[in-house]
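Look below for two forms of one protein chain, each set out as structure tokens: first structure 1, then structure 2.
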Structure 1
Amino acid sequence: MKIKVIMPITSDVFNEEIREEFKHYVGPHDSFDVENLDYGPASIESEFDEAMAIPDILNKVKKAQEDGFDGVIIDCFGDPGVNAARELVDIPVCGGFEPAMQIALGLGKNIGIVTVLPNVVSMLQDLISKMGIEKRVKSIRYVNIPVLDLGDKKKLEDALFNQSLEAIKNDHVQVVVLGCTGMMGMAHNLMKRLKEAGYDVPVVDPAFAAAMMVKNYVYMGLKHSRLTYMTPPVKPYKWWE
């Protein structure tokens, strides 16, 4: 199984870490390939950033199918371009949000998300509404750290721990979902600290979830419905390049 991981930003600060983490995510039996965008934003923290990232994401998704990849991960919690990509190709395509919620839905009743910045909260509300799982998500909180500053792991972990505790105590949250694929490698330690604090709750890493769901679909021989995601009618497009 050969998975393409599209890192939908032009910054490469996460690349080395992603390669290390994905070895763990996809396991020894599968191969993967990580690729940045050539055109787009340095990071995704708004609908504007998403809009600027999507055209090159779609280029790279089409290319991945042509290159014989079995599935594609668009490695961002906001699922940028996922629906459009599914219109274009016949291999499974996952972002971070939908897989993370799919994984979370089987772990407990009340789900809470802890994301990066207040800017993306409305986008996450939209994703929750589109997925139709409003009844299950009780809380969206944020650590107030920009994506490109997530490298300070100690600060991030403390902030995630504090916001998760608030979500559990005040918002009845029972399952924590990390709301940014840049929060790699945090889930298990966070889970351990929460358990030590008296709360034995699962913490879902969205990139890990994405890897699992793409692998599930490939392994099961399933792809997205072509009645939901129809092939775009052929027509002329003008572009900068």
Structure 2
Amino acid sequence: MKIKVIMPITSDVFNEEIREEFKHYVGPHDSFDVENLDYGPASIESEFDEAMAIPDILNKVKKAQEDGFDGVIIDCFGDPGVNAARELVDIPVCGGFEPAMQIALGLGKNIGIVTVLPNVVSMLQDLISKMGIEKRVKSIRYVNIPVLDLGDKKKLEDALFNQSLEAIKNDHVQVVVLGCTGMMGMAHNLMKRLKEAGYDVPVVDPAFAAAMMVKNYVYMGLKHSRLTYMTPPVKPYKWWE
């Protein structure tokens, strides 16, 4: 199985870490390729950033299918361009949000998200509404750390722990979802620290969830429904090269 991991940003600050993490997500006979955008934002932290990223995301998704990849991961919790990409190609495409939330819904009743900045909260509320899970998501909190500063792992882990603890105590959260794919590698230690604090709750890593979801779709021979994601009408398109 060949999986294309599209980083929907121009910055390559996460690339090496992603390559190391994804070695644990794929099987011995699977392969993956990590690719950044050629143009767009350095990180996605607003609706504007997302809109700027989508054209080249679609370019990369289209090329991934042409190059024989079996599935695509758009490595962002905001799922930028996911629905458009599903219309465009005949291979499975997932972002971070939908797989993480689908997994979380099977692990507990009340879900909480801990994301990066207040700027993205309304974006996540829109995604929650589109999935129809407003009654299950009890909390959206943020660590107030910009995406490109998530490399300070100690600071990030402490902030995630504090915000998760508040969500559990005050918002009655029973499952924690990491609200940024740049928070990779945090889930295990966070679960351990929460358990030591008296709260045995699962923590869902969205990048891991996306990888597992795409792999399962490919193994099961499934792709997204053409009754939902209809192929765009035939017309001239000018693609950025």
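Just so we're on the same page, rigid core means the largest C-alpha set that superposes within 1.5 Å between forms. Here, residue number means position along structure 1's sequence, counting from 1. The structure displayed is predicted, hence computed values, not measured ones.
- Shown first, as structure 1, is the form predicted together with another copy of the chain.
- The Cα position of G68 differs by less than 2 Å between structures 1 and 2 after fitting on the rigid core.
- Here P28 counts as shifted, since its C-alpha moves by at least 2 Å between structures 1 and 2 after the core is aligned.
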